[in-house]
Structures are given as C-alpha cells and as structure tokens.
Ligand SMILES: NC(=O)c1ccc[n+]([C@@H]2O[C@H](COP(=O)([O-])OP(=O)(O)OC[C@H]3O[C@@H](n4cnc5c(N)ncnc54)[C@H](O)[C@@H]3O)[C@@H](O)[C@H]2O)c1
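Given as structure tokens, the chain that follows is alone and in the form predicted alone.
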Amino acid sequence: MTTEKTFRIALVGCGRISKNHFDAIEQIDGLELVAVCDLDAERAKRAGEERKVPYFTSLEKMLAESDADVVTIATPSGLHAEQGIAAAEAGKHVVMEKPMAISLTGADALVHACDKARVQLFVVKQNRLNPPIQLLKRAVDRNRFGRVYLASCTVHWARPQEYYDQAPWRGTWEFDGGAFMNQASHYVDLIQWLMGPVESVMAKTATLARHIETEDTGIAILKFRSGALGTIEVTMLAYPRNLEGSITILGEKGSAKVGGTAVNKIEHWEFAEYDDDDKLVESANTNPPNIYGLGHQGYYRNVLAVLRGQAKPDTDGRAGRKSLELILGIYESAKTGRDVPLPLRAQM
C-alpha cells in the first residue's frame, strides 16, 4: 500500500454532526469526500450541492454507485450496526459515529462483519484527543496519581424540548437511547478509558421534564476492578444552557479536574511530584466552537494513517464496544434496581 494514497469517503447522515466530519475531511490532504447520503432528500441535496459531490437518498444505491473506499456513518444510533454491516459487506472501511450500536448483539455483528470483510472499523471518540484529556491520560499512565480513589464525570447540559421535536427518532429507545447513550456516551467512554475496567455498576435514571421515551437525567455509581469508585452524573435539563462537561480524578499523590462545557479546560492540576507536562497545562486549554470539540480532525488523521499502514486505530470496534457495554449495564441497573456486574451477558 502506497503511503501517499488518497482515500475516498462517502458520508451517510447529513444532520447535526455532519459538519464536523465534512470540515475535518476537507482539511486533511489524503482524504476526499466523494458522496453524501440522507433519507431526507432535501437535506441530501443541500449537503451534496454545498460540498460539490453526488448525493443519494438510498445507502444501497450509494454503496453500489460511488467509488468510496470509506463510509462514515452519522445517522440515528439505532441504524448504526445495520448500516455499518452493509458498508463492510460492500468492501468499505467504516467510520462510525458514537455509539457503534445500541445493543451488544448489534455491536458484535458489526465487528464480525468488518473482520470477515477485512475492512477497518473506526468508532469516533474524538474527545479522547482533546489536549487536556491527553494530558490527563498521560498522568494516569505514568502513575502520577499513585493509587486512585475516586473518579467523577459530570455532564450538565441543556436540551430543550424543541431539540427532541426536531426529529422523530430522538429520545426513542429504538433509534436513539437516552442521555447516557447519546449525549453522555463520550464521557462514559472517557471514564472507563482513563480508569480501567468496571467491575459493577448501580444506576438510577429518570425522565423528569422532556416528553421522550428515554431518560433526560441519570446517575451511575461505578466500582472499578482496581478498587476505586466512580460516579457519572448526567442531565439534559441544565438551565438555561450547557453548564459543564467534566471529569475529576482523585488519588493518593494527585488531584486533577478537566472541565469547561466539554472537557476542554484544565480546572485543577496538582501532583506530589513534578513532571514536564505541568508546563503544558495552560496551553492545553481549548475553546471549542461547540460541544463536539475539535477532535474530529485529529480522529481522521488517525484514520488516514491506519489506512496507509502507518498507525494503529485510536478507537476500533472492540474499544467502542467497551463503553457501549457500560452504558447497557447502567440501563440494566436502572431497570432492575440491582447492582449489575460486568461483563454483561452478550445477548443484551
């Protein structure tokens, strides 16, 4: 495989998150957008004309007629596994927005389809690439905290009823999932990526103010295999706007909090022993244009490097499955009122 090969990308789902994908692809030499697809004909047409590429309203037709090497899927969550499998069976590499599926059965079928077709499966977890989160990950990996006692994740965001009313799939169990599965899924991913495997989870969820099937608010208590405890606190009811998206880690030799509205700012950073990373704290803070952050470009740089044979995936299907399993454990606990051990039974 030539290191200079350009990879052609088709994007499915031209809604809210698509602009981050379009902008990232546009800015990277070696990637080229060649088609877009959306069931909404007007939205597909608008995206195709804006980006000067052919547009489709059928995934099957796009897979048959476009010359894409890679398919990015940014559709409602409940469609992800099925559409990813179709792309893999057509011989395309798959870039999948979070979550990769809404069931472990779907996730496993997607991983298997990509393995069978010998194509790469990338799951988008762009917040891992935020500079403050990268510093926090290095601090954990270098054991700067010593023994970690507690990790807490907070997502206090605002989603008015109008947000859910914009599309009939939002807030449904079949196509979306609730605040944990959709809006906070990156944060569920971060806490288990930073802290290691979860042994068990206890959770409460509620639908307090929005007219939706799924939860708008919830709290989970985690016990990690390391012995540390953790919490994830999520609501879409902050008034009047997004208030905080943060993660805090407290250990015997260090305390750190990455906050802001979307884990974009180091708010506390204190360790018993000095490290040169301490000089990078101020420069790591970012001011992202929206809660999706600035990580999509970095994510696609990794996609390109992997496809050129120069790197390993930052987040592949098996890594994406781990955070999905934790979210499903949270839902199982909320439903049964019991402490739920992980790993889950695969049929969920």
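Predicted, not measured: the structure shown is a model, and the values here were computed from it. Don't overthink the numbering: it's just position in the shown sequence, from 1.
The form predicted in complex with the ligand is left out here; the points below concern that form.
Proximity to the ligand in the predicted bound form, defined as a heavy atom within 4.5 Å, holds among 28, 39, 281, 305 only for 39. Residue-level contacts in the predicted bound form: of 126, 217, 264, 248, one residue has a heavy atom within 4.5 Å of the ligand, and it is 126. The ligand in the predicted bound form comes within 4.5 Å of no heavy atom belonging to residue 329.
At the 4.5 Å threshold, heavy atoms of residue 51 stay clear of the ligand in the predicted bound form, well away from it.
By the criterion of a heavy atom within 4.5 Å, residue 182 is counted among the residues contacting the ligand in the predicted bound form. Taking non-hydrogen atoms only, residue 177 never approaches the ligand to within 4.5 angstroms in the predicted bound form. Here the chain stands by itself, but in the predicted bound form one stretch of 148-156, 85-93, 70-78, 192-200, 70-78, has heavy atoms within 4.5 Å of the ligand. Taking the ligand as positioned in the predicted bound form, the residues of 160-191 that bring a heavy atom within 4.5 Å of it are, in sequence order, 167, 169, 170, 182, 186.
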